[in-house]
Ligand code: BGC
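For reference, the chain that follows is the form predicted on its own, supplied as structure tokens.
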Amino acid sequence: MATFPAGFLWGTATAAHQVEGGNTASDLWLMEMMKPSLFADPSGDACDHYHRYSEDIALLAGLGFNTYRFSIEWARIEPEEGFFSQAALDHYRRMIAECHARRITPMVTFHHFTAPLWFTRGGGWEDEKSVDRFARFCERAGTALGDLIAYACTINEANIPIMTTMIRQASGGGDEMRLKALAEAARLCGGRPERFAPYLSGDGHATVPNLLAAHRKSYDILKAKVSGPVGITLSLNDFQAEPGGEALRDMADQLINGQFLEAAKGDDYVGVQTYTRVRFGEAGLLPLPDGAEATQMGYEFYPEALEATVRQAARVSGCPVIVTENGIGTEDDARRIVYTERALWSLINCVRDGVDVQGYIHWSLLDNFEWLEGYGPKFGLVEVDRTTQARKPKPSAYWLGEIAKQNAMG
């Protein structure tokens, strides 16, 4: 029997845009509804979590989890620059209070990919004004909600814009469709193509200094507002090299992982979000190894990546680590259990070696909208009927819930 530390956070996660539905003031709503669109599906009603959050939190608690990581939607709270919706803030306050009523620790993310359309139309995170714009949002939302928030995350995967940009550059070609879509979205909202900059499909290199500065400024703001720890989450792949690929690996590792982990030094925790490994050869990125199992996202089935990234995060940042996302897109729930079990054993190795790991939060609670891929990939512990919105926990939900209850696995 392998035991996790006392007080360990066992949870599942969602992001507002992926589950709430009807996020009409956001940048991605416009891009999803365009014809043609880069998105396989529009988010639409999503999982209607905006209205069904009480049912979903009760389900999470009933399964045995003690933590729920979710985001508050900036586009709902500040749908037009300078206008803050008290109704939206009141909604999220009720949602956080529901967590407390169910004895669930609320971990609240202030930015999870989507932003108000006005923000993205005005340059998004590529504009240095983004730092103060986001800080103003954190000030208002933190004042309204902070006393109920147990853990706060400033920005979800602050390194993902540069990661996606570098992947596009490494793969070569295929950029014409993206640029055409950005230009059309800008036209539709009265913006300029060179200024319209969504988080996931803009110039990631231009975002880095602003995202790092925004995290530092919002961290200080939220520390004065939130009752618990404040940190950031990062998308950390296990970067590996075949002979000849070491230099490329090291460069990518520093640009995508290292500089962001270094910027997290002094934070209360760093959130690690890992799904797979990435391999480099002398000429660049390598394909999946022959015979390797691929997930619905095209990733290699490689749960052991979590051990490497948790160790790296702890070593470089010096912060306690919370695994804030880990999971697999698959129709085969038995493979989800295998993946998660192997990931947890790799986490146990870290704990046994004295790494300060404080929690494991599985992605995701629900089968939900998976960005460009739409509703195809299934990451959820809970199935959602796309017609009736009925929830049905999968065997993996009960299996992981039992581990959470015992705080141990054998």
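The first residue of the shown sequence is 1; numbering continues from there. Just so we're clear, the structure is a prediction, and the values are computed from it rather than from any experiment.
One more form of this protein should be noted, the form predicted in complex with ligand BGC, which is absent from this view; the next part is about it.
- Contact annotation: ligand BGC lies within 4.5 Å of heavy atoms from the stretch 108-116 in the model of the complex, the single such stretch among 108-116, 247-255, 80-88, 219-227.
- Candidate site formed by Q273, W363 and W371: every one of these residues places a non-hydrogen atom within 4.5 angstroms of ligand BGC in the model of the complex.
- Using a 4.5 Å cutoff between non-hydrogen atoms, Q18 counts as a contact of ligand BGC in the model of the complex.
- For E325, a non-hydrogen atom is located within 4.5 Å of ligand BGC in the model of the complex, even though that partner is not displayed.
- Ligand BGC in the model of the complex comes within 4.5 Å of no heavy atom belonging to E73.
- With a 4.5 Å cutoff on heavy atoms, N156 counts as touching ligand BGC in the model of the complex.
- Listed residues A185, I160, A263, A141 were compared with ligand BGC in the model of the complex; I160 is the one with a heavy atom within 4.5 Å.
- Proximity to ligand BGC in the model of the complex, defined as a heavy atom within 4.5 Å, singles out one entry of L286, M297, M166, A308, which is M297.
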